[in-house]
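A lone chain, given as structure tokens: the form predicted on its own.
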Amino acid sequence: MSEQVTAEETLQRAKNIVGEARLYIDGELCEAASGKTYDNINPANEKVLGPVADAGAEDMERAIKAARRAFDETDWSVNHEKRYEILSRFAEAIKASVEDRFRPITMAEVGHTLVVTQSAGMDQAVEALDFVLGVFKDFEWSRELPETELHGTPCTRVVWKEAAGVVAAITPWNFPMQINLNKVFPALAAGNTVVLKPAPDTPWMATELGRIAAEVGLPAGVLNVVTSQDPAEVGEVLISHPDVDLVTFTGSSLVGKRIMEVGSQTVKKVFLELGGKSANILLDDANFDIALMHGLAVCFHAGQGCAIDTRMLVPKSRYEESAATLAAIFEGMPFGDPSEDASLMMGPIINRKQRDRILTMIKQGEAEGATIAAGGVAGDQEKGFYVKPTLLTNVTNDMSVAQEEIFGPVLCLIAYEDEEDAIRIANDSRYGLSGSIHSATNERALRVARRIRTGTLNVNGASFFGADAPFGGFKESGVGTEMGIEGFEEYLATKTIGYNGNLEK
């Protein structure tokens, strides 16, 4: 298990951490074929953390070839006992590296605060490893169907669950530990081989997995990690390659549509976890003193989460009161460099481009009639990419800020007439990932929940999130499911066999 360290020690490690710079291909840590590297930047202070290999198409081709060979020519996919033993060692090695490697790296390269790492950013992701191993161990890999008869021949029928094949796992920069592990570990446990392509902004969270895989002796080719400054070049090779059987992607809806389009040319299985514009509905009987505090969800990792509630719906009769309370809360919300303050919930935006995009969208909302009640500008820090916690009021649901995923610390406050109007507004989105409902009773909140077209919902301050909880979206928020048993089964193919019951097997 991980060592026990103090918050001060973690902050100090985050200031000095250096991650694995090499690719991991065919069981070996290696440089890019071109020898190129690029700088990994700390978004909190813009300092160069260190180099990382800048792979090209040649490197990706080699990784895919290795994964194909490991799947086709070894017993990885069918030797469950061996696979379980190796993955158990892999999981324990990951856990042992949390405090000295993964936690300080995610604070440095992702901008996660210590508070964020203690939940979805790190700890919950690592805890999920045991869940996956438990599903693997108890999974029903085959089942018999009732016997039938065809022209006098007794038909014994069986359903087998088998690995899908070579998996392309493409992950984003916002919660890389959680999403890397939620793709890689179930895929490997199901018997697949994997090529992991992380976001260019957060490469070390993936290359460290390659380093550990090399140390514990994962069979060559079973897991491959390819980092690149240009995600499009190597990404196109990966998603279009005929030797790749399945693509799992988390990121923007625009890129997800491109992956689905390219994957269709070779009829790959594709499952996608995409954007969201989740609504938090405060029904008129809710405890507003408690419910309004949930508006601070957009400050968790500076709002860089697809399932974060970014629209808050309140009754017109409570609108001015809610706006004033939220504005005061947002103005008092601290934020800054994760390595300087262990109590912070909110750190930086991942890079300059994303910071500037957020500010542009806020200004666009203002031009469309929204009011900036708090924030709306960059942080006061001399270095780093920050946006002050922002509350937009007088927002109508047809505005760009209410329809587009901003992916920053921005909350849109929207008024509704009655319960029916609140449900209509919540569903008036091309996304359908998550949301929240607050009411005086669970009965009323759950009745409304039945009518909200999203894949997940939180009711009265509770959270659905957990390793055992399926996570996926409706509409343009995605196709397929991650986590839970359903997420494990995404990486499997189904084969149905009928054989002559009169003969020996």
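Residues carry their position along the shown sequence, with the first being 1. As the structure is a prediction and not an experimental result, all values here were calculated from the model.
What comes next is about the form predicted together with a small molecule, which does not appear here.
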Does R258 make contact with the small molecule in the predicted bound form, using a 4.5 Å heavy atom cut-off? yes
Can you check whether F385 is within 4.5 Å of the small molecule in the predicted bound form, heavy atom basis? no
I'd like to know if A232 sits close to the small molecule in the predicted bound form, meaning any non-hydrogen atom pair within 4.5 angstroms. yes
Contact label in the predicted bound form: S252 to the small molecule, heavy atom within 4.5 Å: yes
Counting only heavy atoms and a 4.5 Å cut-off, does the small molecule in the predicted bound form sit next to every one of G56, V194 and V222? no
Which of V167, L274, A190, A370 has a heavy atom within 4.5 Å of the small molecule in the predicted bound form? L274
Given that the small molecule is left out here, which of F131, W173, F330, F71 has a heavy atom within 4.5 Å of it in the predicted bound form? W173
The stretch from 236 to 244, 317 to 325, 335 to 343, 93 to 101 that lies within 4.5 Å of the small molecule in the predicted bound form, judged by heavy atoms, is 236 to 244
